[in-house]
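Next up: just one chain, as structure tokens, the form predicted alone.
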Amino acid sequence: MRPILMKGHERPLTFLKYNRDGDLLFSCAKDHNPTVWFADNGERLGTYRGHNGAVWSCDISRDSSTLITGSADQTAKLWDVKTGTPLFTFNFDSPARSVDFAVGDQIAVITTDPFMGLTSAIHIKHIARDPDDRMAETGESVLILKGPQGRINRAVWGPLNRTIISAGEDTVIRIWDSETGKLLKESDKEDGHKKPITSLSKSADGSHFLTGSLDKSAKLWDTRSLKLIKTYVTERPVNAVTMSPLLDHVVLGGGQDASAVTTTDHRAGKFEAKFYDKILTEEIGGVKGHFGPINALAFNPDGRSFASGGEDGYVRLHHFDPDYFNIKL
């Protein structure tokens, strides 16, 4: 399995996302320019220029027409995927961290960081269907949820857009009612992570989700009941998690903190994407290659390839060999 190396970013990667068809890969980095690539050969299609700070995350509408990005410049932007034109800008009073379209792409959830005395918040925004309508919009939040301490690193929609699942620095996973803003569930202190949660990734059917944490573990949760299903233990902080839509595989990426990287041998950094059996929680293999911690992971919706983005500024695209599909434990 030879990876395709995609060099398009000047700074560390922060997020990767495939579109629903799996033919495009979107990457975000700290260099202000989200980029879109062909997912089969790694060719760069274009960049989305307009942000003035690190871009922390992105999401793509179901029909691949609209891209949403959240940035440290205190805005979230909607883009026309084909032309690269910015369609609308949501302005905030603090950096925008996580963005996620709801099913139907008519609403989005955006989280903002704590900043200058402001607490972190989860904003629900209305997205206009008609491009002409965008200008008429004020971009006001339909609902603002507050409560979590520290940064909210990820917030995503639950089943049928009825709930929002959030996780972040205060180690608690919360499920909110997206209509009323009421807090419905919190993860159990005993079962939960012991250090900040860095990443959250839903299964293809949305029935369960995976969280990765600096406590050197990843955990699999039931979306409706918030019960802990499995725990995957590694020997380094986890920055990124994803799971295969095809096989029962979980992938974790990480490495030591960026500040400690230069002081260690690159072999000691353990910068590999580790594959675990989802059910048995045993490690099945690893994919090495990055010269720095892995900050982003994404599985192609067809389950036949995956991408990783590192602190080294590279996106590595891996198409699996046939034998990957018959791994026996």
Partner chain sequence: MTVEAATQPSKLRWGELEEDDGEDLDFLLPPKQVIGPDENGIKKVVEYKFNDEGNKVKITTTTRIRKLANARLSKRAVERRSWPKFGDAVHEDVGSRLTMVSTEEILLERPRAPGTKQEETKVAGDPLAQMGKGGAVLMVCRTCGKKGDHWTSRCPYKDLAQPSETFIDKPPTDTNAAAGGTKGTYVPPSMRAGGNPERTGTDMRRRNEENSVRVTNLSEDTREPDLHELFRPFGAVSRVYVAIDQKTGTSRGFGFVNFVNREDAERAINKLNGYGYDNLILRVEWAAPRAN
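Positions refer to the first chain, counted from 1. Note that the structure is predicted; figures quoted are calculated from it, not measured.
Another form exists, predicted in complex with the partner chain; not displayed. Remarks below refer to it.
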For the partner chain in the predicted complex, the stretch among 79-87, 164-172, 109-117, 148-156 with residues bearing a heavy atom within 4.5 Å is 79-87
Report whether the minimum heavy atom distance between W56 and the partner chain in the predicted complex is within 4.5 Å. no
Using the partner position in the predicted complex, report whether V36 sits within 4.5 Å of the partner chain, counting heavy atoms only.
yes
- Going by a heavy atom distance of 4.5 Å, is G292 a contact of the partner chain in the predicted complex? no
When the contact criterion is heavy atoms within 4.5 Å, does F299 count as touching the partner chain in the predicted complex? no
Of the residues spanning 16-33, the ones with some heavy atom within 4.5 Å of the partner chain in the predicted complex are N19, D21, D23, L24, N33
